[in-house]
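A single chain comes next, written as structure tokens; it is the form predicted on its own.
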Amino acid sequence: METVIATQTENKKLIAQLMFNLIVPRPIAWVTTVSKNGVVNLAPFSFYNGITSKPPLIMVSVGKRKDGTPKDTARNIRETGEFVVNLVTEEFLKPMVESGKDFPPEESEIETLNLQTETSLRVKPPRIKGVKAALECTVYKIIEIGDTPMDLVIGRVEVFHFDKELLNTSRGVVGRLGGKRYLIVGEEIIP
């Protein structure tokens, strides 16, 4: 039986559940940034996607902490204008989930999770060593949206690092589903 809910309803929790469970699978932006103090931050965001290829623009929606303050990622991007989106594949699923926990701003998720990095070519934030793709980005525009509000970061991809295999298959790439569920791309279909 069909259930209907108008978005003007007061049931904000149900609306959030619908957004997370119906817009699936969502790609994951595993974002590295650097604070003004040099602390490397790493956090996952699943409201992320491409916008256009001419120029190559992507968008990442970065919410606020539960107390209403900006997340480290948003603050760092606003202060430096740079970030890197790392592609999450199966072998990085566990550290990606762990990096989504609430770390204090002075603590680097990369160090705590024993991840290795590689120097980026055009931006200060490093790439995660071993990922199959990383997009070095500069800020194109930041728009505050929503009731909270959150930052819709539009980034211009300055450099693509990628495994050529990704041009033919996305097997092993991780996507976000609703709740605490993820999807690992397996079977691919060409109709």
Ligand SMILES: Cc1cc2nc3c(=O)[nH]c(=O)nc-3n(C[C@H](O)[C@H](O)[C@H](O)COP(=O)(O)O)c2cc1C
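Predicted, not measured: the structure shown is a model, and the values here were computed from it. Start at 1 and count along the sequence shown; that's the residue number.
There is another form of this protein, the form predicted in complex with this ligand, and it is not shown here; the text below is about that form.
- Taking the partner from elsewhere, every residue among Phe45, Ser61 and Glu109 has a non-hydrogen atom within 4.5 angstroms of this ligand in the predicted complex.
- Proximity of Arg65 to this ligand in the predicted complex: non-hydrogen atoms within 4.5 Å are present.
- Contact between Asp102 and this ligand in the predicted complex is found at the 4.5 Å heavy atom cutoff.
- Among residues of the shown chain, Thr73 is one whose heavy atoms approach this ligand to within 4.5 Å in the predicted complex.
- Within 4.5 Å of some heavy atom of this ligand in the predicted complex lies at least one heavy atom of Ile28.
- Contact annotation: this ligand lies within 4.5 Å of heavy atoms from the stretch 37-45 in the predicted complex, the single such stretch among 119-127, 137-145, 159-167, 37-45.
- Taking this ligand as it sits in the predicted complex, the stretch 136-155 never comes within 4.5 angstroms of it through any non-hydrogen atom.
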